[in-house]
Every structure is written in structure tokens, then in C-alpha cells.
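Okay, so here's just one chain, in C-alpha cells, the form predicted on its own.
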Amino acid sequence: MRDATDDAAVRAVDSATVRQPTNVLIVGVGGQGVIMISKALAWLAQSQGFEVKQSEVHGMAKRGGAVFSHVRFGPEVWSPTIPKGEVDILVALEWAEGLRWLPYLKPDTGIFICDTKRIVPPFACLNRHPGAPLRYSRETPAEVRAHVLEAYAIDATRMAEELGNDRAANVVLLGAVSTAMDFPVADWERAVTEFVPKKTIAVNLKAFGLGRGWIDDARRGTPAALEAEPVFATPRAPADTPYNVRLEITPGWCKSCDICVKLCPERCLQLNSERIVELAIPEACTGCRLCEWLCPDFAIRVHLDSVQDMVAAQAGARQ
């Protein structure tokens, strides 16, 4: 038979449970927009009347440096950092960083949302020729799902590229995260509008909608969502296939930071008279993609064109 003391204890436990904050951990590498989406989430939670604490590490601004941000909100929040094993939602803008922070996720109820984008650090490219194995995490989305209650691997970068702005990949993930919270969609869109550059509001709102829609499709088991996952074990190109390297450089995005020139292992890049990067020694380029992965402004894309495909295309054009 329960007495008044027992009832008081139960009420105290229930009250403590209700007052537990929601913990969101956002991780990635410098230049991906980790801080921007964490600030948007914190601003939104505060606008809903919650107490919010945010903690971040963002000193490694150049691409390749780890960046993470803790966002905690609820009726009452004391600490700005999330203990290991207490993250409700882990949002990763880069695949290996997502795997590195998995121990922070709640084992029974945590949600893992991750871009399949891979930014491979220079030390992982000891053999820089196409097809060579990388010293990089090889876990596939299917393998990760086996250890996480609810996990989504989204090719957010490709989705953003198809919208014409690959920098919007972080907002694609923000759209995915929004499905896990009860905030009104209009308020989420208001947060996006508040924090993205004004000239990109339209494309970022589309990116937000794509992220929400992708999660809805994945939860319904729509084949299109599940089949979109890349197979990480597949090499970038067959090692014995002749190929030509082609660099696609967007001059308007190049900020003359010189990172790609200084870190190119083959020393085949340079800044031209207008301080825009260019491929100065094409025959020395191995297509290792380091310049693409390290560029903080997404100004470089490396294409490996098969010689056979190029010959076939040329033959078809002549007919």
C-alpha cells in the first residue's frame, strides 16, 4: 500500500524527467557550417520559450579541422556541454566525424543523422593514385544502423549540388533534424531565413524542404531514399583504368586563400595574376582530390574522365 511519501517521490521523479533538456550535438569539419546550423537551432529553441545553452569549438576554421557544437534546450538547463551517452540527436556533416562521436549518442533512444560526405585528411592519402585504398573509415551506413536505434545516412551534399548550391548541404541536414522535433515548420523556415546569407534564402528553403522530405520517405521505406546511399567500399576509380584528370574551378568562389596551392602534394597548382587558382602542370596531377577536399569555399571539383569514355564520346560526336 502506497503512502503520501511514495506519491511525493513519484511526482519528484516525473518532474525531473519532464525537465530534462533536449541534447543536440552537431559535428563536422571547418567550413561546412556546423556553427551556423547550431546557432539557428539555438535561436529557434529560445524563440519557443526554452532555456538554451550552447557550447562550441570552432578554432579550426580551415577545412580539415574538427568542429563541434553542443546545443541544449529545455525548461531548465544548467550545463552547456553534453556528457557522453546523453546526446538525443547527433547531426554529422561529415561521415568520419559522425562515427567518431557515436559514443556520445544515447544508446536506446538516440537519433543519428549524417551526411555521407567524406572529407579525407591529407595523411589518409599516402598513395594518391585513383583506386588506391584510403586510410579512412570504411563503415557503411548499413553497418552503422546495426548499432544505432534510429540512423539516417543522407547524401546531403549531392542534394545541395543538384539545387545549384552545395553549401546548402548543412540546411538539408537541418531539415532532416526538424522532423525529430515538434517545432512548427514555419518557425524552422524563419530560423533558416534568419541565419543564411540573404541572397541564398530561396535555395536554402528548398534545401530545408528536401531534408524533411528525405526523412519522411526513409521512414516510410521509400526505395528512392534507401537506394541513394553510396557504397563506401567502392574505389574512386579502377587503378588499372587509363584516365584524364580535369579540374573544374569556379573563379567566383575562389578566395585566394592559397590552401590548395600550398598543400598540393604534386605542386601542380598555382594562383594566376588575378590570384585565382589554376592547374599549372596538368601532367603532374594524379587526381588525388586533396585540393577539392581542403578547399573551404568549394571552388574546386576534380573529375576523373576515363580515356575509353572520352574516345567513345569523341567518336559519337563525329558521327
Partner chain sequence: MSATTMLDSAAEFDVRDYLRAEMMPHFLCPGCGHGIALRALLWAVHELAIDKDRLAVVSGIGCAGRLSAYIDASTFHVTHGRPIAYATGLALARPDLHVIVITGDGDCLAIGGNHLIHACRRNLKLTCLMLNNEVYGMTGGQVSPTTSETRVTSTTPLGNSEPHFNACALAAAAGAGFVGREVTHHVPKLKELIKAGLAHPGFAFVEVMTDCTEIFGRKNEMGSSAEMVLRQKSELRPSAYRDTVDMPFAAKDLPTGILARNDRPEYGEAYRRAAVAIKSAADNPAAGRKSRQ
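These numbers come from a predicted model, not from an experiment. Here the rigid core means the biggest group of C-alpha atoms that line up within 1.5 Å when the two forms are laid on top of each other. Positions refer to the first chain, counted from 1.
Below: the form predicted in complex with its partner chain, not depicted.
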Ok, 248, 108, 182, 76: which has a heavy atom sitting within 4.5 Å of its partner chain in the predicted complex?
248
Contact residue in the predicted complex, chosen from 44, 27, 277, 294 - any heavy atom within 4.5 Å of its partner chain:
294
Only one of 278-286, 66-74, 27-35, 250-258 has residues with a heavy atom within 4.5 Å of its partner chain in the predicted complex, and that stretch is 250-258
Taking 4.5 angstroms as the cut-off for heavy atoms, does residue 263 touch its partner chain in the predicted complex?
yes
For residue 51, decide whether the Cα shift between the shown form and the other one is 2 Å or greater, given a superposition on the rigid core.
no
Cα displacement of residue 259 between the shown form and the other one reaching 2 Å, rigid core superposed:
yes
Core-aligned, does residue 289 move its Cα 2 Å or more between the shown form and the other one?
yes
